[in-house]
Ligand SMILES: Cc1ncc(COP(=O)(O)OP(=O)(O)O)c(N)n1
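The chain below stands alone and is given as structure tokens, in the form predicted on its own.
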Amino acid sequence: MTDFTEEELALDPGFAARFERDKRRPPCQLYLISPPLIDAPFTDRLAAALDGGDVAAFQLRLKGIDDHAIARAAEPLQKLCADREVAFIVNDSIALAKRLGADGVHLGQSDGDPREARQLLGPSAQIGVTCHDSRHLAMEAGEAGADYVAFGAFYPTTTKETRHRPEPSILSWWVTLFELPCVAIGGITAANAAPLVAAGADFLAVSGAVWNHAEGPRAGVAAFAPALARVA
């Protein structure tokens, strides 16, 4: 399965427009990602965001900070997520996810192997893998035991530097062939989310649209409700 080239796996971009979601598949949910820097009051901001609607997971993604500082920042956030039954995911670091007893880890292509993560974190950990715009990488991640694959960036984003811009059809292709959930990521807002939901995304990874919302993070999450309610 991993011998196919990207050209051989390519789909007509219009495939997403013809896609019909399997009604047995759970509806799309939000996957909330932290800002790159947080302060002590951020726990209250996260609580407000979780009050805004159904959030399935929260990923702690802090850059330029050592693991000890991240661990201190994580404690109240992790407790809040546990109280709200929201999965607490650590970005990049398998070792830090193990240290914190996190619900899972999200791995970039250079952050480690899902097999290594599974061995260290155990069978119940949620392991996600960034696959950019690559069907090939996504199938490899699935074969390696990932619990979800992430495609993007679908839209311009200032959260991180991106070089890949997939078509929504990659989501339709994935959920047509595989049960493994897929996450759409990159510049997603309440205004542009609907086409990704219609294309088959199981989760929308969102950050700036929530934390930078003019009326606060609760309103930022609530604003996605119409797009998430869309029936493809």
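Source: prediction; values computed, not measured. Residue numbers run from 1 along the displayed sequence.
The form predicted together with this ligand is left out here; the points below concern that form.
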Could you spot which one of Glu140, Asp92, Asp113, Asp147 gets a heavy atom to within 4.5 Å of this ligand in the predicted complex?
Asp92
Looking at Ile33, Leu46, Leu196, Val175, which has any heavy atom no more than 4.5 Å from this ligand in the predicted complex?
Ile33
4.5 Å heavy atom contact, Ile185 and this ligand in the predicted complex:
yes
In the predicted complex, Pro76 touching this ligand (heavy atom, 4.5 Å)
no
Does this ligand come within 4.5 Å of any heavy atom of Lys63 in the predicted complex?
yes
Contact flag, Leu50 vs this ligand in the predicted complex, heavy atom cut 4.5 Å
no
Could you tell me which of 80-88, 104-112, 119-127, 67-75 sits within 4.5 Å of this ligand in the predicted complex, going by non-hydrogen atoms?
104-112
Does any residue in 65-81 get within 4.5 Å of this ligand in the predicted complex, counting heavy atoms only, and if so which ones?
none
